[in-house]
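Consider the single chain below, provided in C-alpha cells and representing the form predicted alone.
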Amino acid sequence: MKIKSADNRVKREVSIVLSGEAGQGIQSIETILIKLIKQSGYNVFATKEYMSRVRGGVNATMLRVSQDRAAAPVDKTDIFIPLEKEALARYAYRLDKNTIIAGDAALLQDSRVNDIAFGKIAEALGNPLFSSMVAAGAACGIIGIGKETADDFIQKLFGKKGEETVNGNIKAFAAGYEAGARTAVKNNFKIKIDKNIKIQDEFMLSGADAVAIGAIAGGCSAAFAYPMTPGTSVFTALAEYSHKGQIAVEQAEDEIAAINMALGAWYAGARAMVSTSGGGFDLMTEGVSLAGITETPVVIHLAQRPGPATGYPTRTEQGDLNLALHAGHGDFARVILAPGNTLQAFELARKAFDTADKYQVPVFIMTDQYFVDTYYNIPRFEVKEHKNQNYIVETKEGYKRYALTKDGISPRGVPGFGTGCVCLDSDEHDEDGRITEDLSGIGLKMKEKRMKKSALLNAAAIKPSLYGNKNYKTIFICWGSVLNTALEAIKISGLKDAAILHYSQVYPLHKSTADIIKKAKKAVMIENNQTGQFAGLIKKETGLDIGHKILRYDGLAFSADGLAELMKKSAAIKGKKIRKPAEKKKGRR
C-alpha cells in the first residue's frame, strides 16, 4: 500500500511497466531489475503478461519497488517504458497524467514520451544487445536506486562472458541510468524508499520455484511431464534442481505417458509427480482413474490457464477446479491443494507427497500462470527438521496388496522389498489384486474400502485461514493465488468490518466452512473464473449459496487497487446474499 509523505510528490513506492515484442528482451530486463533492486536492499515484486508467440505481439512485465513488502500487482503505473509502438496503445488503460513514459520518441511518435533512444545508445556503445541493459539502467535512473551496486552486479552476471561484455554492459547501464535520472528531474519525479540491507539475504522465489523445492523437500524423487505452459515452469525448475535434489526427470512423449510413468515410479517405491496444464491434464485423466482403483499415490501439479481448449495459453485463470474435482471415471477419493503464496506453495508441495503416500490417493497442487510466473522477496523461512515418513511395508509370503482394513488403507508393498507378490489390477479385484466379478461380494467390499478414505481425508482437511476483523459483517472468500491480492485490497478498501477467508485446501472442505460463512451478514466470493467454481463447490458441500461474486475471467489476474474498488462496491450493495438451505420440517419427507 502506498504511503504518502509530507511532500505528496515524494513516493515511497513505485510501479514500473516495461513492454515490448517477444524477443526484445523484456524477460532479461525483468531478471536484471529484480535481482539488482533486491541486491540494493529494496522490496520488489514482479509479474508478467505475455502473448503465446515466439516473436511479435506485446509482452509486459510489471514491477513494484516499495518501502513495505509488496506481493500483488496494481493497475496504477508510475513509470511506463514501451520498447515498441503497439505497447503504448495496448497499455493505455494503465496510464494517467502522472505516468512517466520513457522510450524512443522517434519510434513511439507520441508527445507524452520522454525521449530515451535505447537502441541508438546501445549501438553507440558497440552492440545493439546492450539495449536491454540501457533500459534497465533508465528504469533505475528514474527511481534513483541501484547505481551503487550496479557494477558489481553486472560483473557477477556477465563475468563468465569476458571483460568486453562486462564493460559494455556497465557502460550501457550507466548511460541508461543518466538518461533516466534526467527524465526524473524533468518531470519533478521524486521517490524516497528507505533501504533495508536485510532484504539482500531474503529469498526471491517465483511460485514455480516454491512448488519445486517444496516437492523436493517432500521426497520427490522423480518428475515426468510433456511441456505445456504454464505447468512447464515447475518441471523446468525441478530439472534445474535435479542433480542437487537427486531427482530423475523425464520429458515424456505425451501426457498419457507422463502420468503412467509417475504411477509406475510410485509402484516401484519412488515418490513421483507430474506437472501440466488444463489440456495436458485432460489427457491424464484415465491415469487418474488408474491411480484411484489401484490405490497408487500420485502428485499432480496443475497450473491453470484459460480454456476451453487452447484458450489463452499464456494467460491466467482459476478455471480448472471442476476439472480436478471430477477428473477420472468412477468414484474415488482425492485431495486438492491450492497455495496462496510462496511459503504455502513450499509447505503444501511438501505435504502433498506425504498425503498421497499415507492415504494412497491422487493429490493435486493447483496453481495458475499468474502464480508460477510471479516473484517477490520474502524472509528466509526456517525449514523444520522433517523426516519424510516411509509408508512402504516389507512384504511376506501371502501378502495381500488390498487387504481389507478398518480404515480402508491397505499396507502398501513394492516389488523386491520382501517375499510377497505385489499384484495390481485396473479391473475390480480381490485382496490379492486378482480380477474379480464377484459383484456383491469382494467387489463391493473393495469399493467400500476405497471410499472409507474420504472420511479420513475429511478429518485431515486444512482449516481455511481468516484474516482481518474477527467480528466481520462481510466475509470475502477466495482460494489459491488470489490471497495476497485480496489481503492488500482489503487494506486499500478501508472496509473495517470485513474479513478474508482463504482456502489453501479446496477439497475436501474443512468442516468449519459452513459455520464461518454463516456468521457473516454478507458473503462475497472472489474467483479468477467465469462461473464461480469454488462457490459451486461450497454450495454442493454445505448447501450455502454465495449469492454475490467478484469474478474476473479476461485472462488477467486481479490487481490490488482494482479489487479494492470491487470490494467496496460489493460491501455497499444491500440485501441478503447468503441463501441457506431450508430447515427440514418435522413430519415431512
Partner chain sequence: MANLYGKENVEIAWCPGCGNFGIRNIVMNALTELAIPKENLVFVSGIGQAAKAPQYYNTSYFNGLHGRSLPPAAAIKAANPLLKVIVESGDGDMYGEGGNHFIHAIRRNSDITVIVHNNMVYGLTKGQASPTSRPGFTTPVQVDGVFENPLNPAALAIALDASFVARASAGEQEKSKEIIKAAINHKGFALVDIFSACVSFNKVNTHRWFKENTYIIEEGYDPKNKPEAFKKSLEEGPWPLGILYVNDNKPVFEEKLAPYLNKDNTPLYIRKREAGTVMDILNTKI
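Numbering follows the first chain given and starts at 1. Quantities reported herein were computed from a predicted structural model and do not represent experimental measurements.
The same protein also has a form predicted together with the partner chain, omitted here; what follows describes it.
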_How about residue 472 - does it come within 4.5 Å of the partner chain in the predicted bound form, if we only consider non-hydrogen atoms?_
no
*Taking heavy atoms only, is residue 417 within 4.5 angstroms of the partner chain in the predicted bound form?*
yes
_I'd like to know if residue 38 sits close to the partner chain in the predicted bound form, meaning any non-hydrogen atom pair within 4.5 angstroms._
yes
*residue 144 near the partner chain in the predicted bound form, any heavy atom under 4.5 Å?*
no
*Are all three of 201, 287 and 426 close to the partner chain in the predicted bound form, meaning a heavy atom of each within 4.5 Å?*
yes
_Give me the residue from 511, 380, 518, 190 that has a heavy atom within 4.5 Å of the partner chain in the predicted bound form._
380
_in the predicted bound form, the residue from 261, 446, 170, 95 that sits within 4.5 Å of the partner chain by heavy atoms_ = 261
_Which is the contacting stretch out of 387 to 395, 181 to 189, 314 to 322, 97 to 105, given heavy atoms within 4.5 Å of the partner chain in the predicted bound form?_
387 to 395
*in the predicted bound form, which residues of 253 to 270 put a heavy atom within 4.5 Å of the partner chain?*
253, 254, 256, 257, 260, 261, 263, 264, 265, 267, 268, 269, 270
